[in-house]
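This document opens with one chain alone, in structure tokens, the form predicted alone.
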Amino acid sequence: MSAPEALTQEQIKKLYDLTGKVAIITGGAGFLGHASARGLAAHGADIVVTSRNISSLEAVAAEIEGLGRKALPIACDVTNEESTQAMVDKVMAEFGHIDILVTCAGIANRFPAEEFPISEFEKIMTANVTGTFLSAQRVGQVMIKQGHGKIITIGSVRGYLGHPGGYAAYGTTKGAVHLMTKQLSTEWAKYHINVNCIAPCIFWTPLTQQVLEDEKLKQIFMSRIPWGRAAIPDDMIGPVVFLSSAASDFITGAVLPVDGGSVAG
């Protein structure tokens, strides 16, 4: 077997170029989805953002168009088969191909384990696990036919480690997403589909403001982050662009912590 030819300097320069690519971001109205959309668009991708409420996507779509890229907002419930398939069909009708999927849709409600309502537990499982799988499955079917694609799931440091903050459901779902990522990567490698996961620590967003402004709770979280701060949404941009680009073509089944060292020890 002969060694492959080395990349040219021009090819190296274009490793992160996403021009002509189409990226779907579920949960695109959220802070992580919004940051991912900005990063991918800045590197040339056209962006599809989804949410249950299409009006929540207007600002994101306008920003993407302001960067000179196409933006397509679509109302979609990623836990519903018909809704998810309709979203994929609409993207294919508009663009004819799907190159990137980032599964940012999910919820993170917390309760003490001994008091966790089962209805709430099941709601979180459905949103985070079923929603991730269904999105990946339906987009994966398109990518299999194409013979290529990049899927990025969103896990969490809570998928590695327990926490006293009421994460019995959320942590369980993210552990499942981590293993789902590895499973899909092994099944779909033969189709040249990369499936990887980003596992962030707690982020500064309005959704976590109550936690991070409570000094006692904040200290619990910060004591577990060697870098000494919570993440910000823009910390997602580099990892998302990398895992969406040709620079990561030989990486699949990885769970990449974006966590300031939280899972290092």
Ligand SMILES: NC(=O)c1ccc[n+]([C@@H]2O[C@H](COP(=O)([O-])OP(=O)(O)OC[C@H]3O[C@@H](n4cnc5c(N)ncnc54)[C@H](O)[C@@H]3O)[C@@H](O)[C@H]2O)c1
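Sequential numbering from 1, following the sequence displayed. All of these numbers come straight from a predicted model, not from anything done at the bench.
This protein has a second form, the form predicted together with this ligand, left out of what is shown; the following refers to that one.
The stretch in contact with this ligand in the predicted bound form, judged by heavy atoms within 4.5 Å, is 75-83, chosen from 75-83, 109-117, 181-189, 143-151. The partner is absent here; in the predicted bound form, the one residue of Arg52, Arg224, Arg229, His43 having a heavy atom within 4.5 Å of this ligand is Arg52. The partner is absent here, but in the predicted bound form a heavy atom of Ile202, alone among Cys197, Ile202, Ile47, Val240, sits within 4.5 Å of this ligand. For Tyr170, a non-hydrogen atom is located within 4.5 Å of this ligand in the predicted bound form, even though that partner is not displayed. Remark: Gly39 does not count among the residues lining this ligand in the predicted bound form, judged by a heavy atom distance of 4.5 Å or less. This ligand in the predicted bound form comes within 4.5 Å of a heavy atom belonging to Cys104. This ligand in the predicted bound form is approached by Ala29, whose closest heavy atom lies within 4.5 angstroms of it.
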